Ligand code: UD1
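As a starting point, one isolated chain is supplied in structure tokens, in the form predicted on its own.
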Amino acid sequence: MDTPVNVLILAAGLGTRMRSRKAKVLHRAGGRTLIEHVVATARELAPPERIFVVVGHQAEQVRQAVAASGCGFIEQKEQKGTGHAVLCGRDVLEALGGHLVIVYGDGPLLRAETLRRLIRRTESIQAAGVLLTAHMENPTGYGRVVRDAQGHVGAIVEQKAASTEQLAIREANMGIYCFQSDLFWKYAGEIRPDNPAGEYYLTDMVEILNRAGHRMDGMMIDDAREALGINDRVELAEVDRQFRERKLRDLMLAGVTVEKPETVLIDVEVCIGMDTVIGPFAQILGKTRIGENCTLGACSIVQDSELDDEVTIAPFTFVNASRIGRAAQIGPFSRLRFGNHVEQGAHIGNFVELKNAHLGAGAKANHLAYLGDTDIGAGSNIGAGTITCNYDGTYKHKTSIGEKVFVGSNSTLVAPIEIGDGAYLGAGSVITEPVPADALALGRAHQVIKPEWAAKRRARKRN
């Protein structure tokens, strides 16, 4: 498309039918807020400096949700209809020229390709504007598209104002437009709140432009669901389902095995390499990146993490904001909270919890351990029941364990502390002082045995 495209996203409303204190466009589907989906689609059509979001209710939160995209914002302090929302951006948009594409922030299923077709149609027939329409078996609540004898769009008639004959029309207005900017702004000032609601309706532009001798047309899409906005939690859940079905289908066609896909939850921004196998009831969330030939076991949850090739995540394992190296094995029943880096070939076993921990290549913590704020060298072995005591009640402290260290079961390492390369810590030790390389450290009380003590105690109880 040679003509510049400007995208205006209407996102100022609260959405009362959502029954929520949160603005409608901030609700999530497919792992993103609704407004993030729409902005991402707009980015496929125009650079960020030509994308604008109209904000109103909870404007600051909406800005924060899409601030990273680089788009601009237009404030609609009072919500006086769709036409009013567009007019609030006149000072910014009129000078940009090109095409003006208008979409809604609560319509996340709309595809960029559909909007490209809308723009191309506007260009090919040299219309003042083209609106998106769809044939609906039950268009109740939607404006009806009234066409003239030549098939051009003559008017949009809202349901409340429609005659019996017009109510029988099944072609409905989806509320999505592409206008030639110069013509739109030339006549936009003629929108008037001459209706029972006292609002400025964008649909009035169809009659305004026709009256001025400029052609308006409609482009019908095959499936109305693509363009529908979300109004309540039931529709939100349906859209979430559609996003996830799309994602699963795309992944499976790209070579990912998904066992019982109807049970698996994968967010839209997730990337997974081919020959990876996803078990039943797994959840892969956020911006997770998974390499090739990995295995994610049943009921595992991986969020905002990076997994290299050939990683195994065993069932019932939680991994969050962590990096996992090639051929590492995690789980089952492991918990990696955040900030972890597990290097190539390392093993994290059942009921091991990591937080802000680094495990070098080939290191192992196979059973029942808590390793927080810890650096563990390559080839070290952490015994069952080991705890790094990283918190003194006020501050967090670091534990540094060198390479090829053996930490015996039920060891307690009181941070801050350093364990040198090749050191050996005896089982059941409480270690409070640094341990030199290759040393043996024992930090437990001397064992005392009192012969016959238990028998004498039982005898006293009988007496």
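Numbers for residues come from their place in the sequence shown, where the first is 1. Owing to the predicted nature of the structure, the values given are computational and were not obtained by experimental measurement.
Another form exists, predicted in complex with this ligand; not displayed. Remarks below refer to it.
Novice: Using a 4.5 Å heavy atom cut-off, which of 346-354, 377-385, 75-83, 235-243 contacts this ligand in the predicted complex?
Specialist: Careful reading of the contacts points to 75-83.
Novice: With a 4.5 Å heavy atom cut-off, would you call Met174 a contact of this ligand in the predicted complex?
Specialist: Within the cut-off, so yes.
Novice: Do Ala23 and this ligand come within 4.5 Å of each other in the predicted complex, heavy atoms counted?
Specialist: Output for Ala23 is no: heavy atoms all beyond 4.5 Å of this ligand.
Novice: Using a 4.5 Å heavy atom cut-off, state whether Tyr142 contacts this ligand in the predicted complex.
Specialist: Yes, Tyr142 lies within 4.5 Å of this ligand in the predicted complex.
Novice: How about Ile156: is it within 4.5 Å of this ligand in the predicted complex, going by heavy atoms?
Specialist: Ile156: contacts this ligand in the predicted complex.
Novice: So which of Thr288, Thr317, Asn390, Thr203 reaches within 4.5 angstroms of this ligand in the predicted complex, heavy atom to heavy atom?
Specialist: By the 4.5 Å heavy-atom cutoff, the listed residue in contact is Thr203.
Novice: Suppose contact means any heavy atom within 4.5 Å; which members of 89-106 contact this ligand in the predicted complex?
Specialist: Residues within 4.5 Å: Tyr104, Gly105, Asp106.
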